[in-house]
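Below sits a lone chain in structure tokens, taken as the form predicted alone.
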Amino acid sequence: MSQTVLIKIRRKDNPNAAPYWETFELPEKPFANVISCLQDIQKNPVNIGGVRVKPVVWDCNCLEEVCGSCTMVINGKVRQACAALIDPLEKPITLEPMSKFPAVRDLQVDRARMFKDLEQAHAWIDIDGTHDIGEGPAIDQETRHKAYELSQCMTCGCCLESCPQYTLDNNFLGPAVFSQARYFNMHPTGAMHKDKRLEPLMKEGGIANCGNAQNCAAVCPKHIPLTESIAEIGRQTTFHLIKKLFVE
């Protein structure tokens, strides 16, 4: 006798519509993940009542936990849908969009704020023309190892969804921005613009607004040491402020 799995999805027809729950029943397949179930629903969008409905909308791309686009709340926990296997999940499975970003439709949200906040923190290294004059500065093994950990950030939003300080209507930058600022400040070339990165982190919504809940590190799918980054950025901004007091 074939078994089935129930999937309850919190849906929304447009950004201004009221949310509602819709349940779908699918045949249970070995090694299925949440994305494959959503794809099955998309191919045949018939709910548990036998009514044909609009296909469910969600974001995904790489399907191997690299792009960060398929973040959603699965059984009450924010995570990547591509890495969420069906078998170990408690049934019925509930799928909800992230609550800290504006809803677009169904499980799709608008994460543009994350990228705008990264712009504020100058989270990149400027091309300065030194690429054609030979090898760059040497970086020790310990620094390279730590930088690699930080470089794995997918801008997926898991840390922000779990953060009690980050809300839809405030200006808190959040742990992802702090960690990326630390990452680029570690690089010898990136350190040239260290002050430019630290300045926005010292304003309202910056590092001082972190409540140190540490939820971010607990949910990060890449296990990035976000609490270490928060502490390090706190140290860097403190020294930057002291330097400003004496220089200015």
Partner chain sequence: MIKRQAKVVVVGGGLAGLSAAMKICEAGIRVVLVSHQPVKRSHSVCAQGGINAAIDSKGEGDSPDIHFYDTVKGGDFLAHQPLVNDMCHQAPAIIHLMDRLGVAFNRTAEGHLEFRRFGGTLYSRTAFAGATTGQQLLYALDEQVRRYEHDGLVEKLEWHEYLGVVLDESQVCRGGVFHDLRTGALFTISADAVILATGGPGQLYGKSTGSAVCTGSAAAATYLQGAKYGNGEFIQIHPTAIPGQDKLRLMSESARGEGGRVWVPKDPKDNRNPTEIPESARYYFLEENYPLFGNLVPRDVASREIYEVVYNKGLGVGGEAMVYLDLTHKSPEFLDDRLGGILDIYEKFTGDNPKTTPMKIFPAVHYSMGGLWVDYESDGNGLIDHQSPRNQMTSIPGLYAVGEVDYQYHGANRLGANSLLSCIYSGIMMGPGVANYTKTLDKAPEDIPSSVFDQARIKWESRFKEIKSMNGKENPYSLHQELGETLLANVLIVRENKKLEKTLLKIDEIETRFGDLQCLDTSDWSNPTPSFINQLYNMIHLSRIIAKGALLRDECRGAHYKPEFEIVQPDEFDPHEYIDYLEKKSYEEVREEAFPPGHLEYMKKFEENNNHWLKSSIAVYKSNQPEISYEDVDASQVTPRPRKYN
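Owing to the predicted nature of the structure, the values given are computational and were not obtained by experimental measurement. Numbering follows the first chain given and starts at 1.
There is also a form predicted together with the partner chain; it is not shown, and the following applies to it.
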(message) Would you classify Glu64 as touching the partner chain in the predicted complex, given a 4.5 Å non-hydrogen atom cut-off?
(response) yes
(message) Whether Arg111 contacts the partner chain in the predicted complex should be assessed with a 4.5 Å heavy atom distance threshold; does it?
(response) yes
(message) Residue-level contact is defined here as any heavy atom of the residue lying within 4.5 Å of the partner chain in the predicted complex; does Gly136 satisfy this criterion?
(response) yes
(message) Check Lys203 for me: does it contact the partner chain in the predicted complex (non-hydrogen atoms, 4.5 angstroms)?
(response) no
(message) Using a 4.5 Å heavy atom cut-off, which residue among Leu95, Val78, Cys163, Cys153 comes into contact with the partner chain in the predicted complex?
(response) Cys153
(message) Give me the residue from Cys210, Cys60, Ala217, Leu198 that has a heavy atom within 4.5 Å of the partner chain in the predicted complex.
(response) Cys60
(message) in the predicted complex, does each of Ser69, Leu118 and Ile125 have a heavy atom within 4.5 Å of the partner chain?
(response) yes
(request) At a 4.5 angstroms cut-off on non-hydrogen atoms, which residues of 7 to 45 are near the partner chain in the predicted complex? List them in order. (result) Asp13, Asn14, Pro15, Lys29, Pro30, Phe31, Ala32, Asn33, Ile35, Ser36, Gln39, Gln42, Lys43, Asn44, Pro45
